[in-house]
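Next up is one chain by itself, shown in structure tokens, the form predicted alone.
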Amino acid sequence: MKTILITGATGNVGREVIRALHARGGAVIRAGMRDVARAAPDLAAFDGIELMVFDFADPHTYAPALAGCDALFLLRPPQVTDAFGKLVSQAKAAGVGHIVFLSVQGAENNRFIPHHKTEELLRRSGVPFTLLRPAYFTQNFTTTLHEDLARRHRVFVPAGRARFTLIDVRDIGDVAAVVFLDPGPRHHGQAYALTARYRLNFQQMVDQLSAGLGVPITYVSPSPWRFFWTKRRENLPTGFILIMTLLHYLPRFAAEPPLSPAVTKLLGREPTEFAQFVAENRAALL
């Protein structure tokens, strides 16, 4: 039975990977987190998992968390800029035989984002790896965009009419579980772009939110300057605002991202579309 360390275990994606692995069984799940006592209640629903101290900012936590692990789920918190060289080196020394890295769609063509550097590091590492390249998370509407949505009944991002590929993080968790639990090496060295079947612009997303929630939702696309200062007045960290600006503004000037059949091929079902996400998460959205 494989022992799998999940980094970012209490975040949106990490938790969904744990859910999917726990539901399938057949693995020892080790949840890595900075503060075990504080975070443990968030994972109380998953009996039998191991809770381990793991902090990207503290390399001293790497070796104990990796000891005895067969596989590693690696994701990149927004505040981390390191390419994970030390972590990958220690994973290799610990005998980890498979790293699944949560990258981003298009990382292979963008040398300026840290995910690209990590992908290249993994290719050179000698450790078998799989790259998951997800599209825009639908769960952004229950996290980073939620305050505007719930308090002001609006979506406020500088995205213009750009169309986005989307993915539900529950589908990411299911894909990761399938990749981890495959008994053979067929996923080693593979890169999977994870998208739903349709592209949507933010006005279309807002229309589906309004219909699904039964509440009129407004879409406001401010200038980057207005977006920055609005969010600064809301006391959001400058670095986080810049990331949000780049995420929503740059697609206005880029080619539309491609759709991918990977979710359907790997899971044997269609990916979750945005309207379905809204219907299943009404309480969390408002």
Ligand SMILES: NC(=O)c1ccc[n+]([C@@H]2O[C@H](COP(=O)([O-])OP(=O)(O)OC[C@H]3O[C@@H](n4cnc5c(N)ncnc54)[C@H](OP(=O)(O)O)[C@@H]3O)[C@@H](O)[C@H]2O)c1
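Each residue number is its position in the shown sequence, starting from 1. Fair warning: this is a prediction, and the values are worked out from it, not measured in the lab.
Absent from the display: the form predicted in complex with the ligand. The rest refers to it.
K.L.:
Using a 4.5 Å heavy atom cut-off, indicate which stretch of 145 to 153, 100 to 108, 185 to 193, 211 to 219 touches the ligand in the predicted bound form.
P.N.:
Contact-bearing stretch, as computed: 100 to 108.
K.L.:
My question is simply whether residue 227 lines the interface with the ligand in the predicted bound form - judged by any non-hydrogen atom within 4.5 Å.
P.N.:
The answer is no: residue 227 has no heavy atom within 4.5 Å of the ligand.
K.L.:
Just checking whether residue 37 would be counted as a contact of the ligand in the predicted bound form - the rule being heavy atoms within 4.5 angstroms.
P.N.:
Residue-level check for residue 37: no, no contact with the ligand.
K.L.:
In the predicted bound form, does residue 126 come within 4.5 Å of the ligand, counting heavy atoms only?
P.N.:
Flag for residue 126 set to no.
K.L.:
Counting only non-hydrogen atoms and a 4.5 angstroms cut-off, does residue 140 reach the ligand in the predicted bound form?
P.N.:
Yes, residue 140 is a contact residue.
K.L.:
Heavy atom within 4.5 Å of the ligand in the predicted bound form: which of 45, 57, 246, 63?
P.N.:
Selected option: 57.
K.L.:
Considering non-hydrogen atoms and a 4.5 Å limit, which listed residue (179, 162, 157, 135) is close to the ligand in the predicted bound form?
P.N.:
Answer to the contact question: 135.
K.L.:
Taking the ligand as it sits in the predicted bound form, which residues of 1 to 40 have a non-hydrogen atom within 4.5 Å of it? Please list them.
P.N.:
Stretch hits, in order: 8, 9, 10, 11, 12, 13, 14, 34, 38.
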